[in-house]
Ligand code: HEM
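Coming up is one lone chain in structure tokens, specifically the form predicted alone.
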Amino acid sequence: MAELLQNPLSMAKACDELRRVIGSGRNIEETEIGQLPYLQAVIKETFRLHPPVPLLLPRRAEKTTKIMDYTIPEGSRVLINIWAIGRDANIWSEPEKFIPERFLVKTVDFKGGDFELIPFGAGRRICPGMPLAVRMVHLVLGVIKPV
């Protein structure tokens, strides 16, 4: 919500979409989230800039692996810096800016399949509360009416 308050144009687009799809007299229902692409883009952009935790749970390398120019020895503890991935200029154009539109043209999911956006982790250690968190964030953001 803070990002939308700091970006009135994005706030106006989100409110227009909610008015157009949901209407002004009732609250958003869980089944209607799929009909709100701009609201979904706002949530993805928020998770990119503000992940729930900056570092994922530690992982242990099962075997010696070479990634790019780095050698990770077997048994090493590896921490994934999600905060830095979300602000990487090699992945995101203007990484410090709040631009939900980037997710309208780029199909990126935060459920562990696209490694440029994994705020809840991926694989067997993905956050078990992710489905509830995702639904609740959409519903809470969708019921707030601008004054």
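Don't overthink the numbering: it's just position in the shown sequence, from 1. Quantities reported herein were computed from a predicted structural model and do not represent experimental measurements.
What comes next is about the form predicted in complex with this ligand, which does not appear here.
Chemist: Please run the contact check for residue 92 against this ligand in the predicted bound form: heavy atoms, 4.5 angstroms, yes or no?
Modeler: Residue 92: no, not in contact with this ligand in the predicted bound form.
Chemist: Against this ligand in the predicted bound form, would residue 37 count as a contact residue? Criterion: heavy atoms within 4.5 Å.
Modeler: Close contact is absent here: in the predicted bound form, residue 37 is far from this ligand, nothing within 4.5 Å, heavy atoms only.
Chemist: With heavy atoms only and a cut-off of 4.5 Å, decide whether residue 25 touches this ligand in the predicted bound form.
Modeler: Contact check for residue 25: no, nothing within 4.5 Å of this ligand in the predicted bound form.
Chemist: Would residue 127 count as a contact of this ligand in the predicted bound form, using a 4.5 angstroms cut-off between non-hydrogen atoms?
Modeler: Output for residue 127 is yes: heavy atoms within 4.5 Å of this ligand.
Chemist: Among 85, 33, 56, 49, which has any heavy atom within 4.5 Å of this ligand in the predicted bound form?
Modeler: For this set of options, the contacting one is 56.
Chemist: Please name which of the stretches 65-73, 117-125, 100-108, 25-33 has residues with heavy atoms lying within 4.5 Å of this ligand in the predicted bound form.
Modeler: Of the stretches listed, the one contacting the partner is 117-125.
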